[in-house]
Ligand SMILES: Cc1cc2nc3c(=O)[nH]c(=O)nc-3n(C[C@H](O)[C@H](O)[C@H](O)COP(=O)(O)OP(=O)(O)OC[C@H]3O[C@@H](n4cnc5c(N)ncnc54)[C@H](O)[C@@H]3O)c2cc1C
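What follows is one chain in C-alpha cells, specifically the form predicted on its own.
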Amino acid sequence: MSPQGGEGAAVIVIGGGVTGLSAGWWLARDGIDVLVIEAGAIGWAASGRNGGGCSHHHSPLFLEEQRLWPMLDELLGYPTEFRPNRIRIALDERQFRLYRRALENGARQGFRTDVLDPPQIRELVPFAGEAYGGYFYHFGGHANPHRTVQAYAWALQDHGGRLLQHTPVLGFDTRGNRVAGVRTPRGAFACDQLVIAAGPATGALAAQLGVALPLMSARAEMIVTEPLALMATGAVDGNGLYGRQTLRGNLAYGGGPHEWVELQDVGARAHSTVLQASIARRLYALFPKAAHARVIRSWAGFIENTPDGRPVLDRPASLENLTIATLSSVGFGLSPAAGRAVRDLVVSGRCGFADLSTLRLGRFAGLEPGWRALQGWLPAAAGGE
C-alpha cells in the first residue's frame, strides 16, 4: 500500500487521541505507511483526561479489549500502568440492580464476578462506608491515560509511523468516490486511505465529505485528591462515578452530568464548578473515610456522543476509501481493540475478530432532525442542562 503521488502517506489518520493513535500503531506495525495528523497536542481533548477505565462489557469489542490490555505494555514497549479487575460499590438497591448488568454481560462472555456484601466491601475498600452491596469484577481494570497516549505515540513512531501535531485539517481533495488528500496549513498530503478519528470534530470533518454523522460534544470534568494510602484494588467506583486510584495514591474521579457544548467551543478550558461540586459530593458519599482528602487538581476533557451513546466504526458506502471511527465517549478503554478494528477495516474492509454490525453509521438514517433538543443535549445558553 503506497500513496498515489506527492507528499503524503498510504493511510492518513485524522485525530491524535487514543483511537487514532492506536489505529496508526496497528497499521504501522504491519508495515503500512501511516501518518497521524492532530489539530492540537496528542490526547488533549479526552484521551488524556479521563478516568482510565478498561472495561466495556456492553461492546462487541469487549473480548478483544480484555485480551489485549494485560499484554499492551509488552506490545507497545512502553508502560500504561494497567492494573486488572474492578470493584463497583452500590449505595442503594437501585444502583445494585443497575451495576448487576456488568455481572450478567460478563458472565455471558465467560468472565466471573463476585457479589460483595457490606462487610466484604469495608474489608476490600478501606475508604468505603455503609454500602448497600457491590461487585468484584474479575475483568476490566484501569490504566494511566497520560502514559497510555504517549505509549501509543512512541510505539507508532518506533514502527515507522509519522505524527504531526498542531496541524488542523482545513479540507479534503476528492477524485470521484475517493478521498485523494488532506489539506492543512502545512500543505496537502496525498493518501490512499483516510481514517477520521477526531473525537468531537469527527462529524464536522465527515460532513465536508458528504457523510452525515450525528454527534454532540460535552465537557467532562475530573477531580484529583491529594495522595492517600494505596488500596489493594485501585479500580473502585460507583455512585455514578468512574475513575481510579493512581499509583501515587491520588483519587482521580469524574462522571456525569455532562455540560453540553457546541463544537466551536470545544477546547475552551473553563471548568464548571457546579459539575466539580457534584463529583466531590458523590465521591464523599462513596468514600466517606477519605472525606479529609483535599482536592488538589481538576481538569476538563471534551467527549463526543452519538444519539444512542454507541460508537461508530464503519466505512461509508459513498466513499470507498474512508473509515469513520468515533467511540462516543468510551474510547480510552476500547482503544486497543478499536485500533485493531480500524486497521482491519482499512486493510480488508471488514473486522476479522468482532461483529461490528451494531456500530454501523446507517442506524441513524431515520434520525429526527431535532434529536439534540429531544434528548436535552443543548448547551446551557440554548436552554439545555
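Numbering starts at 1 and follows the sequence shown. Everything numeric here is computed off the predicted structure, so don't read it as measured data.
Missing here is the form predicted in complex with the ligand; even so, the following discussion is about that form.
The candidate spot formed by G8, V11 and L163 is out of contact with the ligand in the predicted bound form: none of the three has a heavy atom within 4.5 Å. Residues of just one listed stretch (30-38, 339-347, 352-360, 313-321) have heavy atoms within 4.5 Å of the ligand in the predicted bound form: 30-38. By the criterion of a heavy atom within 4.5 Å, P200 is counted among the residues contacting the ligand in the predicted bound form. Of the heavy atoms in P60, none are within 4.5 Å of the ligand in the predicted bound form. At a distance threshold of 4.5 angstroms between non-hydrogen atoms, T167 is in contact with the ligand in the predicted bound form. Contact between Q66 and the ligand in the predicted bound form is not found at the 4.5 Å heavy atom cutoff.
Here is the short version: of A293, M222, A155, A128, the single residue with a heavy atom within 4.5 Å of the ligand in the predicted bound form is M222. The contact residue chosen from W260, F111, F302, F96 relative to the ligand in the predicted bound form is F302, the criterion being a non-hydrogen atom within 4.5 angstroms. The single residue of 234-249 lying near the ligand in the predicted bound form is Y242, the criterion being any heavy atom within 4.5 Å.
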